[in-house]
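Let's start with one chain on its own, the form predicted alone, as structure tokens.
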Amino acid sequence: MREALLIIVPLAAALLAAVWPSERTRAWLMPATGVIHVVLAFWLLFEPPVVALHGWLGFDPLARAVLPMVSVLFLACAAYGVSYLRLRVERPNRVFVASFLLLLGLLSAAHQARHLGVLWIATEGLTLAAVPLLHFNGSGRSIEATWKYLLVGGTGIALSLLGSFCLGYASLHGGGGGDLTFAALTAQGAGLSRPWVLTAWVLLLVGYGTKMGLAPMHTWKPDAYGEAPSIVGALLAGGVTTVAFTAILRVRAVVSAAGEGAIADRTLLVVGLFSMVVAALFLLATRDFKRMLAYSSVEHMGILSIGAAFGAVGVWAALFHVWNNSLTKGALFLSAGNIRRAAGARTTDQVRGMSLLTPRSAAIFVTGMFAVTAMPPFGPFFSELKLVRAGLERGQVVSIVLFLVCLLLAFFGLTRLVFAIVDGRPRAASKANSARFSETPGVIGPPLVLLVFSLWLGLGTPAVLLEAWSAAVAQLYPAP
């Protein structure tokens, strides 16, 4: 019952927000729901429930390994959102708050989905729930970004549905009963029709890879992240992409049980490396610091894909990196939102000297940049180091060299852009605009807390998280 509350509470809060009469107090439903969700998620992390083997929903080890992180990220974004919506009094917030809470409920459902059909429905729901959030600003560019998100994301979702049908047919063709729970598909294992399994794998990888933002299916990300409010971008980058990644892990376990794990690993490795190369090249060229975060997300989705290709140790490193990337990316998005509002612009042609106009936000932005580029002692350094060791243990020397080169190029691209924004003399337009923006605790506290969490994961990862990631790996790689 506790795990069901992770879904029920946000959905009930979304309904409440839809009928809440006051524009001024409605936003407080977000952090209030976030606190309840965090308490429930960490209660389940420390005291995991017994999960029914063939249940369609359940707080299984993989959900336990990532959902508490999503909960923490949502709470930080929700707390920030109260101050953000107070600054946006010209825009009604009823739909925004209801959609934001709906997103949390669907994230909880998708992470707990143990049935291929339930996973698809929850992911499709996430796509639709994000639409009102993406075009909240109501500008022409935000509407264009929303349509691109719908068209590209909708294509990915359609392909994942087709892949789900193919995997179901692989079960029927192999003499199974067509049970689409991951437990049943994995148990059928070698009995699955291999041609249909491989067809399903390609479709599901492309479909859910589109939601992750893996290259070349990433084309929606720069526009969506660039035009969406920062709290929306943070939740998309740290929450929705994580759903797609865990979906790929679940499907990869089925493909491995069917005897095609080596092919799955090779495709994950190629797609992951390609994503890192594409992201590094765009990071070296872009002048828009919000689009920079989108390309950084593409890079880190590539890192997760590479980790998933390196076996059990690599998946453990990838789950570790899910936490690190989501927390640091959340801090970057929120601090970038502060800088964007203070400067009134978002490109290096128009923004500079923000260390003088918004010193706290600029400090968090620079520190977050070093954290996300794997600077010790922040968490990403240790998860990426673990991934490098996993690759070397599997003899993937060439892949690791390319991986490290891409990390170096991404570092150059990020530092080039970040220091161009925070250094120098502020422009007159930025000075005039920043006078209307104040760095209150409500907009500084949430990104700072996320950054502290990332530092904590690097300096001393809690034993309960280490055990949770190990349990998730044991679920995905069961002992023979």
Partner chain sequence: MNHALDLLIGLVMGLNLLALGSGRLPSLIRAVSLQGVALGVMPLLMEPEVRWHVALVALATVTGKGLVIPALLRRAMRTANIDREILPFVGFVPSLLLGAGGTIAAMVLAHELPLLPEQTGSLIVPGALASIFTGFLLLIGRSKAIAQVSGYLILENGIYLFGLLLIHAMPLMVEAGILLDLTVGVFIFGIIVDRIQREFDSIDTRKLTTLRE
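Remember, predicted model here, so these are calculated numbers, not experimental data. Residue numbers count along the first chain shown, from 1.
The form predicted in complex with the partner chain is left out here; the points below concern that form.
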> Among the candidate residues 403, 196, 382, 370, which is the single one with a non-hydrogen atom no more than 4.5 Å from the partner chain in the predicted bound form?
Replying inline: 196
>> Only one of 386, 352, 291, 252 gets a heavy atom within 4.5 Å of the partner chain in the predicted bound form. Which one?
In response: 291
>> I'd like to know whether residue 341 contacts the partner chain in the predicted bound form, with contact meaning heavy atoms within 4.5 angstroms.
In response: no
>> Within 4.5 Å, heavy atoms only: does residue 120 come near the partner chain in the predicted bound form?
In response: yes
> Hey, in the predicted bound form, is residue 169 touching the partner chain, heavy atoms inside 4.5 Å?
Replying inline: yes
>> Considering non-hydrogen atoms and a 4.5 Å limit, does the partner chain approach residue 147 in the predicted bound form?
In response: yes
>> Please pick out the stretch from 106 to 114, 403 to 411, 332 to 340, 220 to 228 that is in contact with the partner chain in the predicted bound form, where contact means heavy atoms within 4.5 Å.
In response: 220 to 228
> Mind checking whether each of 154, 158 and 162 has a heavy atom within 4.5 Å of the partner chain in the predicted bound form?
Replying inline: yes
